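A single chain comes next, written as structure tokens; it is the form predicted on its own.
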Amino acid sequence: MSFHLGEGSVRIEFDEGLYPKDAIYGAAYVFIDRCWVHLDRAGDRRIQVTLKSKKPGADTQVYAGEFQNELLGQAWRLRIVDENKKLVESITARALGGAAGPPGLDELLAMDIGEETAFEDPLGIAMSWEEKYKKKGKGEGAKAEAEGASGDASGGEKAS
């Protein structure tokens, strides 16, 4: 990376081996509200960025430093996106699948229900009494009460 200060402008060269082209474009985009931005090919695998301030008297050396910092941020964001691409795709696919909702009556009737699939629960309706009425958050007393209640449920109703 090298830069050259001019009158009201700064010219910076980057190696594409160190900074991806998309990161350079992203960093340049951040500066379009303050500077006139010009991108050019400076050589084999080198990109030249020229920033010319839209305001007269601006400190172009500050722009050069800010551009380099923004370029590092853009390169880091690209790397994070690449590393998490499969996770994001998986979450998106699950969200879209969930948005379709549970199967309708026609889909349930069209299901092949045999001995192998008779006990499957595609809607998640089947739930034991213990799972449905289990008390939460009261420690051992609640746990013991739930265990006692499950014994009552399996042995019949308790007379009161």
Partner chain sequence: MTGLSTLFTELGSTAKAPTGLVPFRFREVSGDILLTNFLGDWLFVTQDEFRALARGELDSASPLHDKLASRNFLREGFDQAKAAERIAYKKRFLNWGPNLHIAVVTLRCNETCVYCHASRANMDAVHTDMTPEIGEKVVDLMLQSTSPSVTLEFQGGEPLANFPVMKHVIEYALARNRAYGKGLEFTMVSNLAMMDAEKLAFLVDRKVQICTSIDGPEHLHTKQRILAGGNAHREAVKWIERINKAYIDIGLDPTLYHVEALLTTTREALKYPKEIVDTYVGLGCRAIFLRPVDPFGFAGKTAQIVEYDRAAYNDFYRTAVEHILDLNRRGEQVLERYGSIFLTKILGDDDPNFLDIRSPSGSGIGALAYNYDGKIFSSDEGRMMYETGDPAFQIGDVFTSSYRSLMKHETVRALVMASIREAQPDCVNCTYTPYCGVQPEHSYRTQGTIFGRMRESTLCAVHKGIQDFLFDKLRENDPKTVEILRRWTTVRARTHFIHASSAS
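Positions refer to the first chain, counted from 1. This is a predicted model, so every value here is computed, not measured.
Another form exists, predicted together with the partner chain; not displayed. Remarks below refer to it.
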{"query": "Proximity of G101 to the partner chain in the predicted bound form, heavy atoms at 4.5 Å", "finding": "yes"}
{"query": "Exercise: I32 in contact with the partner chain in the predicted bound form, heavy atom 4.5 Å", "finding": "no"}
{"query": "The partner chain contact in the predicted bound form: A42, any heavy atom under 4.5 Å", "finding": "no"}
{"query": "Interface membership of S128, the partner chain in the predicted bound form, 4.5 Å heavy atom rule", "finding": "no"}
{"query": "Within 34-69, the residues that have a heavy atom no more than 4.5 Å from the partner chain in the predicted bound form", "finding": "none"}
